[in-house]
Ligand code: ADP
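The chain below stands alone and is given as structure tokens, in the form predicted on its own.
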């Protein structure tokens, strides 16, 4: 049994869904379970009209909902009364939000979940039209979570038991289509796993079914040695370890959701990144074991829009409890920190969200001098060979050719070497690093033909 997850761009239209049906049909002997994201930008549209409704724009929200319905039906084709019923429920929810005048986390989950609920219905129907014996299953019946709305965590024992006992028997006989991203509490209240959570759903379902493989189908040929949106010089990575993939995902690689690998790692299930528009390409295989490689690094990841915060103790030396006080402030405002460098009296760190920056700075300035740098970028060099390659940091910074480096950090995992530069220097830095470290490629790990332009 395999799990095949298809992202929003892979199911954005009737033609795209028919393409997916052909891919699934070619793997029927492996008993595929198909996990789908919402069609195109449906989730964004649902959240936008929900915000309209609570801000007093009920008529505009209902008009936008009607337009979304027209798009959904046009791309999905005739799918019976189920889709119509879903849109009636959505209209009632929008009207309720307009009366309430507040968009709570629970309401956000309720409305955003309709994207995947609709797409799974439509994909299952088009599969049947294509000759597949397909059935839609509601992931809320199988993925049980806690009650943290918009960022729910799965309750693994309960979820795995349901998947094994109830979904696996169906999947052995038919092609099951489920919506990713969503689950429910034990009481049956709809929850979501966070944006990008359909990858996570696929991994959870794969682990619960003891799948032989989890396939993430997207619109790129796999993981590349650098982000093509920054520099179009990358090559496809054929195989990479779970640890390296997780570092790349956390530091900006958009192909994979950072949490995706966790259930797969526990069950030692390989994860493949594949292109639904080019199914003949082998993609990227993510495996548990370390992957031997002749290159020092596997890939370069980047995060843009970073803010650097430089904090210096007012007490200067022997500032007991200084670090604790700093991180308590960030914890109170639920603001995660990406990188940290420290000395006895000063701390520099980076964050990628500025939503609570002003109150954070106000509290920090009660006990420290604080300086802020906006529009920074993190460059993260990832590879299993970092800890064993002599002089690797020197080679990296020499390749930067005069670009000013604000912060430096080598990850505790010994899999990444990261540094902060000005955002305006990012493209040039990535091009220089790529030229220095990916000109001569290990053919067992990289495909030089699998470039960003492919």
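Just so it is clear, the model here is predicted, and its values are computed rather than measured. Numbering follows the first chain given and starts at 1.
The protein also exists as the form predicted together with the ligand; that form is not presented, and the subsequent description refers to it.
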item: The ligand contact at residue 296 in the predicted complex, heavy atom, 4.5 Å; value: no
item: Heavy atom of residue 179 within 4.5 Å of the ligand in the predicted complex; value: no
item: Non-hydrogen atom contact residue 220 with the ligand in the predicted complex at 4.5 angstroms; value: yes
item: Heavy atom of residue 305 within 4.5 Å of the ligand in the predicted complex; value: no
item: Residue (of 326, 224, 240, 264) lying close to the ligand in the predicted complex, criterion heavy atoms within 4.5 Å; value: 224
item: Listed residue that, although the ligand is not shown, lies within 4.5 Å of it in the predicted complex (heavy atoms), from 279, 96, 228, 105; value: 228
item: Which of 21-29, 7-15, 440-448, 426-434 lines the interface with the ligand in the predicted complex (heavy atom within 4.5 Å); value: 7-15
